[in-house]
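The chain below stands alone, shown as structure tokens; this is the form predicted on its own.
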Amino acid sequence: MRDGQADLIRLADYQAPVFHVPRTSLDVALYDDYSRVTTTLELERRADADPAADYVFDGVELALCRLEVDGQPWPKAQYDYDGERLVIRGLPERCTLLTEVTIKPHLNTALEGLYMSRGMFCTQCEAEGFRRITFYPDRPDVLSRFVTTIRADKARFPLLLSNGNPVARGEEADGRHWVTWEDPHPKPSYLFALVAGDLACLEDQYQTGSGRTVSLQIYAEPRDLDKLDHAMRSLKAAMAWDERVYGLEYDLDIYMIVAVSHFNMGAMENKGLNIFNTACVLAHPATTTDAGFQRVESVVGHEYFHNWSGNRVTCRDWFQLSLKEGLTVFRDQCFSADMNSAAVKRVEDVDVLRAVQFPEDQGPMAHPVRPAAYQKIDNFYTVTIYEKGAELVRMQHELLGAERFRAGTDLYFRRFDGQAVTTDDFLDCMAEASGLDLQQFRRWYDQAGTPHLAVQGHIEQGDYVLTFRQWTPPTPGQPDKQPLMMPVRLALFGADGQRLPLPDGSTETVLVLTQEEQSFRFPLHGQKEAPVPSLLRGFSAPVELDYAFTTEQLHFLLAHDDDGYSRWDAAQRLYHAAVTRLLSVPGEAVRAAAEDEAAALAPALRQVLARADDDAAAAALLLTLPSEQALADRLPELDVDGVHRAREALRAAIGEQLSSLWWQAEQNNTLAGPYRPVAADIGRRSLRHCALAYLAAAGDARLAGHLTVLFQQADNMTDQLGALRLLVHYGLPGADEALDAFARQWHDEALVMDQWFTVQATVPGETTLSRVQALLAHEGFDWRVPNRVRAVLGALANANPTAFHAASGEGYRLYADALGRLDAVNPQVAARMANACARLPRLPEGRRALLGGALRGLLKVPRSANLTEVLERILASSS
């Protein structure tokens, strides 16, 4: 490693490990100011390995106390440890290696390896945290059967958990005790987990399809025991869904989840012992929003599905990260779609993809789904790996169809069970099971960037001809792109709003594009007018669609298209066009122009509201304007102030012109009876708060009092937080009192207080920066808690463009200072938050200079390799 920069690791340099580790035995003794880890490894040199190659073990910041081979001390002259690697020379082909080390979990603020969270010990080993616990070949292609013994004070840590099944326990002197766990399935070190604490448990059972009974246990602090029911229901639903849809059954006698307050990610799929960020497992109507309930369901499903797509079949190396993550995200998306509204879920997933992943794919942090090289693998846990990776799996499902796709996954899990494999292995199974040639499809994994798909249609000799042209803009390190294999789901609508028959006899088809330019002919059967095309239905490929829809065609699709995504996309295009036109309107004239734009949109919006009873959640999505960031991302250059002014003017005008309908929607979607986190009720609350937001933007004089009553009388967090946000963001009477009341009510609920911080950090305008400074100094702010850091700084940079991009540059300076301070505490979180600066090259010149200067100032002193890599890539893009 060079100063502040890790060495580059390349996929092309991959070499199989020198040795196997058939069995790993750990003895972990936990004390207040240190932990002692004694590790016994059975080693076998690979038959095809160089017999002269040294054995190399990863180990970071470990104090080596003992090293023995086959029960005898190993000569110090035959091993070296440089603080990162232990190299042992002269080991026999087969031997038993014992190491004893000490570590200091209580000082571990990076939250990698073994650390402490609110008085309990826990671990996070993906991607390279296990090397901070003991010496090991810490790579995913070394699979071993683990036996783990944990020792600790019984009074303080009555619960001792690890992977697999408990096989023995006992008492020790001085009030200590021990428990031994054995995992019968070989796994890589990144799936190791350990928890020691005093926790409450919600227990249940699940009977598998084959008749086995599995014990289900979800652990949390005693005060949070009443917040675990939803997670348990979600877990049982996920287990049943995986059996029904994929034929995959759970394989241990016990499945455990532990809620942890200090966690860098959402959750971790460690074999049989999942460790979760509290934000992804705790749920209660009084403290959790609808979105929070849905997130818990999704993440619980995601981590459970990893039991097969990630654990039983794992990735050979970290370049293949999307092999497990992309496939599992696709699986959890389908699960959530089946549990709720499939159409709404698809739109929500696409919205995240277009708002977050597309900008990543089009900026300095662009990288392929299967990267060719990396410096710090932690920096590649990105939306490209996860969400775009899931879209690649979805396209394979689209190309193969449900039946052949299932045959492909059956083959994949059967052939590679217990192995570490590659994305090519997965594609090979899909091709073999379906008979399709997917060779060209592999380019999706190796090419970065968002493809563009330009489409033109015209009538020719009685046929409707659609011509498709695809290209992908250059990305860092990849100036030239090749055409991709992509499925385009298509329907054609006639003037009567009905789908037209297609040549294959259906009214919907999937076109498979493989060339830079292709044309397709569709007979019109005597119809003289060109049909209205419904393109990319269901968002069948993750591309930017360029088709010159007229305003009339978009209104037509919004009224008649039966594809949820296509209707939403039509609405988004109408909103984008309206805001774009308003950007060119000077000064005070924007208000009158916005009224004209709102009047043009009003008939379509009235129609959506009239049909809202059919699907309130879908209606809310159709009626919601794109975010300021999403609007700005479609401009050649980010116009933060102009977009804010235009969007707010349009929202106010829509609020005024449809005022009576918004009040009607608010009243019609006010629910009686107890709170239920079910799809129908969630949709109605979503539509209600959409209506309230329009009324707030319009400055309706009645709203402040109405919101205050809603805030005070709410029996659920969705309503209470929704009212608070509007009161504070629009500076309405009662806002300060509501903030104070909220803090008094929820001061001891960390996840709820995260929302309190976020509401204030996202108030639009440069004056919010002084508020953010005060929040960072607040007694409730803690730099060591990633959730709290994201609630303030992440919210500022990603959800408050007018403050973060303040013309003075103060937002950039504040953020850069915060990144530097955070880097000293938790480099992984600091690097991920630095990605918010990746829009640097698209900023106007003045702001670009200010942000670039702030980031360069950060690098004037040594930073972690994580943060250095991200900052250097961002700065290189604007040089």
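Computed from a predicted model, the values in this text were never measured in an experiment. Throughout, we count residues from 1 along the sequence that is shown.
Keep in mind that the form predicted in complex with a small molecule is not shown, yet the notes after this line are about it.
A.B. asks: Taking any heavy atom pair closer than or equal to 4.5 Å as contact, tell me whether F263 reaches the small molecule in the predicted bound form.
C.D. replies: Yes.
A.B. asks: Should Y565 be counted as a contact of the small molecule in the predicted bound form, where contact means heavy atoms within 4.5 Å?
C.D. replies: No, Y565 sits far enough from the small molecule in the predicted bound form that none of its heavy atoms falls within 4.5 Å.
A.B. asks: I'd like to know whether F293 contacts the small molecule in the predicted bound form, with contact meaning heavy atoms within 4.5 angstroms.
C.D. replies: Output for F293 is no: heavy atoms all beyond 4.5 Å of the small molecule.
A.B. asks: Using heavy atoms and a 4.5 Å limit, would one call H302 a contact residue for the small molecule in the predicted bound form?
C.D. replies: H302: contacts the small molecule in the predicted bound form.
A.B. asks: Heavy atoms within 4.5 Å of the small molecule in the predicted bound form: which stretch among 649 to 657, 632 to 640, 765 to 773, 267 to 275?
C.D. replies: Of the stretches listed, the one contacting the partner is 267 to 275.
A.B. asks: Using a 4.5 Å cut on heavy atoms, which of Y386, F757, F549, Y675 is close to the small molecule in the predicted bound form?
C.D. replies: It is Y386.
A.B. asks: Give me the residue from T134, S322, Q124, T288 that has a heavy atom within 4.5 Å of the small molecule in the predicted bound form.
C.D. replies: So the residue touching the small molecule in the predicted bound form, by this definition, is Q124.
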